[in-house]
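One chain comes next, on its own, written as structure tokens: the form predicted on its own.
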């Protein structure tokens, strides 16, 4: 059920250069949220900025009714959000969007994340673990300074392979190059299913590699949004059947094979 909720800030802290993680008391949202969904956040108390900002749900603590969001400060809206402190209240609309399907007939997951595309992955890993499914995470960033929550990810006993474009840590190259290097380890018929989270260029490069793997892939898209509920049609993406879908209402999770990344 979609609802607008005023949520108290528990705390907020920097997680990396320009990256913040905020914890909110949101029992209704925490109870209903599913991995891959997002919330639409009003970053100011007034109408400036007018539009809400979409944020993937980073983690939930259903027992304590806590919702965590991780985001990058890149503009006026996120700068205002970064200034919120314990005791402030923030208006959230959600949970929104189509979640990941974690209940499919597979027992191992390969997760490819680019940059802040890692934000929904901890919540996804928690859901997979509850269903007894193992996961391997490939995460790529430009430089090692951009990594955050690595220890929390490793604490889930998850195999993690990292890549940096400048070679400052892990594999030297893009995360899609890393996947190409390791692809032989993930083969159809071995119980794998794929998940991808990141910017459009990464997903476009990954698409043919994922197709060659022989198992299904789900992709979570990053897109600017206005209404967040499919009304304004401002976040449409094209599918290979030449139809258009809204990222906010029809996604943000899609079948990677069905997306048309050609201009």
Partner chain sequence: MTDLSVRIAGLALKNPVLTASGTFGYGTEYAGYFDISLLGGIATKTVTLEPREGNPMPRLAETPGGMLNSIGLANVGIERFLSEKLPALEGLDTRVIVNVAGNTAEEYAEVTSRAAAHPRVDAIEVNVSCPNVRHGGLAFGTNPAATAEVTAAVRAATSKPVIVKLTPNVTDITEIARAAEAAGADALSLINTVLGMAIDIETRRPLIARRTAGLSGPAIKPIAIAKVYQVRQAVKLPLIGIGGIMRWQDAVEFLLAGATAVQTGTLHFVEPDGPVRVVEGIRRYSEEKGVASVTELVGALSE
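Residue numbers count along the first chain shown, from 1. Every value quoted in this text rests on a predicted model; they were computed, and no experiment measured them.
Another form exists, predicted together with its partner chain; not displayed. Remarks below refer to it.
Heavy atoms within 4.5 Å of its partner chain in the predicted bound form belong, among the stretches 125-133, 157-165, 106-114, 93-101, to residues of 93-101. Interface membership of residue 223, defined by any non-hydrogen atom within 4.5 Å of its partner chain in the predicted bound form, is confirmed. Contact between residue 234 and its partner chain in the predicted bound form is found at the 4.5 Å heavy atom cutoff. Although the partner is absent here, residue 199 lies well away from its partner chain in the predicted bound form, with no heavy atom inside 4.5 Å.
For residue 31, no non-hydrogen atom is located within 4.5 Å of its partner chain in the predicted bound form, even though that partner is not displayed. In sequence order, 42, 47, 49, 50, 51, 52, 53 are the residues of 24-57 having a heavy atom within 4.5 Å of its partner chain in the predicted bound form; the partner itself is omitted from this view.
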